[in-house]
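Read on for two forms of one protein chain; each stands alone as structure tokens, with the labels structure 1 and structure 2.
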Structure 1
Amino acid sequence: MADEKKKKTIKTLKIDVDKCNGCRACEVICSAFHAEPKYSSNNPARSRIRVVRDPLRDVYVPVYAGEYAAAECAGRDKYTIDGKEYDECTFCRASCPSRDEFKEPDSGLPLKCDMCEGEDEPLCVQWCITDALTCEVREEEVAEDETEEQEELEIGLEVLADKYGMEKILDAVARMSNSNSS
């Protein structure tokens, strides 16, 4: 039997750096949305989006958190934008060992943009007064397999890690493994 093809909705952020004025409203609403409980605090270090800023040169680049990278990348390219030099890490979306961006400040756990799951549109898009951030939605065909199951598992684990910390989760898994092997 051939693999059944299923449609999957993919959300991405489209960023227009020419429209961004560096107000950081996206960072503020993201950190408030992801506070525990929701909207109870505001700490932009917990935000899944950050704005690379150089106000004197009028350079503002929103970057949102992507996948976790267990190792540092080999790339150390330099980019010049309007006469200012940036290293490759400046615009990277990954949370990795070589930098503190996109890591939960208290636990050090990696952060990843979840497109404000449960909302019609990411809040950073809703709160962007200059329309520098827009949400693009597309559908892709994917083979019906464990992809959806894996995503649900990862989301569940991420919620547990946010609530209890990775160390407690690993301890619980170790205890479960030991009891299953007995």
Structure 2
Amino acid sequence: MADEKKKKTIKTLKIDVDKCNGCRACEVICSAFHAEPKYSSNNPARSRIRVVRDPLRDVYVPVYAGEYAAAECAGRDKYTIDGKEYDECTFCRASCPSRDEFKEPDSGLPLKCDMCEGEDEPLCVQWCITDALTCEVREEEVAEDETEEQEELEIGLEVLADKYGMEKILDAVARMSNSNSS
């Protein structure tokens, strides 16, 4: 058992900004798929993908909603690529206090891309027939969960030991195991 490897499916969204025609079909269908009931309404403002577009400057960047961030970054990023300057935070996926992106328009709750669970491919990819959005699925072999957990535990303990010293950690563990058994 311990030697067995586990297979994990990894979905990579590939975004080719050069192929994007700026039509926002991805936003339309994402918001429709996530409506309750499914497809009953649509509203790009609720979409978990958004095309940052500025046609006159030839900026077309589809971005997916990622993790929620409680606070904004200490600094912001502004990229220039091939002479085109992108607005602050263009490439960032976070739903964060610094901007309106990836939040439910009425409640303000954060949105996150879930790759359209249950579908072969996310809907945005299915509806992007210009192929700016494609999805690649691959399987990776990963170590059995137990080993992984063990590694994580040891990394965590090492960090704590570095910070507090091994003795204090051992004392604490002894105390905790005593109180648990009593």
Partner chain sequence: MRYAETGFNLEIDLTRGNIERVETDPKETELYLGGLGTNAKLLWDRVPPEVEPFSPENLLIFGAGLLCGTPAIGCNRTIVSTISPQTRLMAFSMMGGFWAPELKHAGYDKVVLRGKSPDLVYIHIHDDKVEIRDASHLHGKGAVETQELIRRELKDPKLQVSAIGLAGENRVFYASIEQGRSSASRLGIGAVMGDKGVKAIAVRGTKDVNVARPAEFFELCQEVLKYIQHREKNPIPGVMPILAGLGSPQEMKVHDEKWHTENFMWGNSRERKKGFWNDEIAESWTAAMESMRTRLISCYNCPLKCGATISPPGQPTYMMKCFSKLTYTMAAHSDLDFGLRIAQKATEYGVDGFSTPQVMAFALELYEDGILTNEDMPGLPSDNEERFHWLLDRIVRREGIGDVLANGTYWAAKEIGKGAEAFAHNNIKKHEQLPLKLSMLNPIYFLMYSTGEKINITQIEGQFPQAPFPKREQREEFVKDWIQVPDEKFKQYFLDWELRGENSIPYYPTPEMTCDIVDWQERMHYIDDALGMCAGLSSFPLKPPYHIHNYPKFISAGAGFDMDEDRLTQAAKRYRNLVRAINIRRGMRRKDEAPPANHWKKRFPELEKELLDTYYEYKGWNNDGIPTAATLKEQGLGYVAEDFLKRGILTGGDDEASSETAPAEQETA
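For clarity, a rigid core is taken as the largest C-alpha set superposing within 1.5 Å between two forms. The first residue in the sequence of structure 1 is number 1, and each one after it adds one. The structure presented is a predicted model; accordingly, all values stated were derived computationally and were not measured.
Undergrad: Is the form predicted on its own shown as structure 1 or as structure 2?
TA: Between the two, the form predicted on its own is shown as structure 1, not structure 2.
Undergrad: Comparing between the two structures on the rigid core: C-alpha of K14 shifted by 2 Å or more?
TA: No: K14 shifts by under 2 Å between the two structures.
Undergrad: Answer yes if the Cα of A25 shifts by 2 angstroms or more between the two structures on a rigid-core superposition, and no otherwise.
TA: No, the C-alpha moves less than 2 Å.
Undergrad: Answer yes if the Cα of I155 shifts by 2 angstroms or more between the two structures on a rigid-core superposition, and no otherwise.
TA: It does, since the I155 C-alpha is displaced 2 Å or more between the two structures after the core fit.
Undergrad: Rigid core superposed, E88 Cα shift between the two structures in Å?
TA: So the C-alpha of E88 has moved 3.0 Å between the two structures.
Undergrad: Rigid core superposed: how many angstrom does the CA of M166 shift between the two structures?
TA: That residue's C-alpha is offset by 40.6 Å.
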